[in-house]
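As structure tokens, one chain now follows by itself in the form predicted alone.
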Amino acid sequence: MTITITAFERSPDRGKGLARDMRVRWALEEVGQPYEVRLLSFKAMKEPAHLALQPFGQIPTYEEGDLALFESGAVVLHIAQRHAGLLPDDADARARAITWMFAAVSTMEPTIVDREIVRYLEGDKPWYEERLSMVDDRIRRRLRDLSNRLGDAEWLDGAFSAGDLEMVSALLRARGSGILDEYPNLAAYVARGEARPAYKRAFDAQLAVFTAASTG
């Protein structure tokens, strides 16, 4: 059965690989599963056909036969559980990898995304600078804790896993702030993720959509 995912027709990240379909693309590339992409406009994302798949009108969605999923974390977990390559065979190591997936999407990423909300939606408020400073401090605390845990290891828990895929994806969102560079081992960790052939294929595929939309 053909796997079909949805993605932005015109991604607001301008081809930087931050849109959440990137994680699903990356996971599918890691496990060697072909897939098709259905591109959606912002208008189409709010129409009944898409809302039947994603009740909040977001991307990505995942369809395979009668199965339809939404939420990129859930989709990546499904891919990792169904296909070899993203979760260890050992039950305890598998559980730890899944724990890191949840840590990435529940503990790390919301703090980083909060900074984006402050910058884009609250920049005209009189308390903007103070609020941004507080958010940056929270990000630094999270990064410090993760940096201490990672140490000089290559990946979070032995071999690369879906936990690393999600964590690298979350940390990429902090790169533009410059804060990530304050933690050299985390910056190097992210660079290792980007250097994986599967990541490069996924990134190039997402970038090609943006490039086509920009020149079309």
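Start at 1 and count along the sequence shown; that's the residue number. What you are looking at is a predicted structure, and each value in this text was computed from that prediction instead of being measured.
There is also a form predicted in complex with ligand GTB; it is not shown, and the following applies to it.
Contact check for Leu18: a heavy atom falls within 4.5 Å of ligand GTB in the predicted bound form. Ligand GTB is not shown here, but in the predicted bound form it comes within 4.5 Å of a heavy atom of Gly57. Proximity of Phe8 to ligand GTB in the predicted bound form: non-hydrogen atoms within 4.5 Å are present. Ligand GTB in the predicted bound form comes within 4.5 Å of a heavy atom belonging to Glu71.
For the candidate set Leu39, Met45, Val31, Ile179, a heavy atom within 4.5 Å of ligand GTB in the predicted bound form is found for exactly one residue, namely Met45. Heavy atoms within 4.5 Å of ligand GTB in the predicted bound form are found in exactly one of 71 to 79, 141 to 149, 91 to 99, 128 to 136, that being 71 to 79. Shown here without ligand GTB, the chain has no residue in 176 to 192 lying with a heavy atom within 4.5 Å of that partner in the predicted bound form.
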